[in-house]
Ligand SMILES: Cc1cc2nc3c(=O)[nH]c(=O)nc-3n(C[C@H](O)[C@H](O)[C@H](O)COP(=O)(O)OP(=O)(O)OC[C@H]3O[C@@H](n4cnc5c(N)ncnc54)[C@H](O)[C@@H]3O)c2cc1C
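Just the one chain here, the form predicted on its own, laid out as structure tokens.
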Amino acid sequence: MSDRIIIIGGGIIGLLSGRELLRRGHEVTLLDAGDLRGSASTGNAGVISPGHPPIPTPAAAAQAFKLLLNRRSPLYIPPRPSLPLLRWLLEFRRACRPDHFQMVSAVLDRFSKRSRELFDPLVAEVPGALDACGFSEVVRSEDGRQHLREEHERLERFGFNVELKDGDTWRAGDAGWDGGILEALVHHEGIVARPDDLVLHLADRFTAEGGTLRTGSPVSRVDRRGDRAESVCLETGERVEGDIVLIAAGIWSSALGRDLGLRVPMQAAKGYHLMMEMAEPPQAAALLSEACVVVNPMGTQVRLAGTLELSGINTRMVRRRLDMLPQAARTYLPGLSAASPRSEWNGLRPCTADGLPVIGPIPGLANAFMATGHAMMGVTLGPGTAELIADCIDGRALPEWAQPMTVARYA
């Protein structure tokens, strides 16, 4: 039976979920506060990386509070009086336990493998925005080389198609990379994206397939009556009614969840990118391991993306953080010294402390669902999330392997 579904959030999760629900015969209205541009779904690095590890790791446990003092750390936490942040940090540190890390890694590895399978039709549908050419993680130090070998072993154990190459072999035919690169881990299943083009394509297809897309429609609250989400209220005062509500609004999902009696503790992880014009851009997309910067070639420009800054819900551009990107990347890609900046961006990614997304029905309500908390893996896990949440809306429970991601863990 067809339901009228309201989706709050026009990022990658909302758009892919909307298309999946349309295909299952539902009537879907998608509300987005902006114009689909400038969000985390469009400003991200553009590297779809199956097998990406969670943010809380055993190695991060000892560093969590040191990051308060290091303004140049790839993960920076500016000191501020915030009880929610303190609680998040304490939970994050607990999530760095080896047993928890192993559990989360197993969930995300299985999830990202399924999501990668579901990307194949999209790659064929929009080749200009998605290229299944793979990407590499490259290192310049012996410690980095050891890290790559450990990652290679972990990813092979879970069945991912990865390959170690020495630096000279990897650089062959792509001379722009520095000779100091010692080794590369090639992720053959990776996909390189132009995120802006991808999101706009998905929006066009959503409307062409019968969905109603309303941009410039910021939501102020979700109204509840008894055990049902009754309507969605826009900032204009307009009420939008439907049979089912899906909250997929990134970091803003927490506030909307509170309207329904749910508290999902997340922190906004600010990321940056800088577009640089290069005379001879590299051919290969790469994660610069020690620098924690992604290089994604886009025509004559490259996107340099990276950093996680837990400074609250704001889009203040901290010039020092932005400048870190080319400064770190030049040691791997010397040609950047002569490159010209073209545009800059920052945006917010929703991060749970336990390293897992939040997917499924909202407890205590018969018609409300949530899909958020993907941190840096929103695009990578997008198709898989759309499948899971559509199954939930159609009355199926999350499969056993996905139960750690349930919304009910915050009930």
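All figures in this text were calculated on a predicted structure; none of them were measured in a lab. In case it trips you up, residue 1 is the first one in the sequence shown, and so on.
The discussion below concerns the form predicted in complex with the ligand, not included here.
Among G134, G167, P218, G335, the residue placing a heavy atom within 4.5 Å of the ligand in the predicted bound form is P218.
The partner is absent here, but in the predicted bound form a heavy atom of M376, alone among A386, I359, M376, L356, sits within 4.5 Å of the ligand. Shown alone, this chain has one stretch from 243-251, 85-93, 177-185, 143-151 that lies within 4.5 Å of the ligand in the predicted bound form by heavy atoms: 243-251. Relative to the ligand in the predicted bound form, residues A40, L256 and Y272 are all within 4.5 Å by at least one heavy atom. Put simply, A45 is close to the ligand in the predicted bound form: some heavy atom of it is within 4.5 Å. Using a 4.5 Å cutoff between non-hydrogen atoms, F369 does not count as a contact of the ligand in the predicted bound form. When the ligand is considered in the predicted bound form, G211 lies well away from it, no heavy atom lying within 4.5 Å.
Contact check for A33: a non-hydrogen atom falls within 4.5 Å of the ligand in the predicted bound form.
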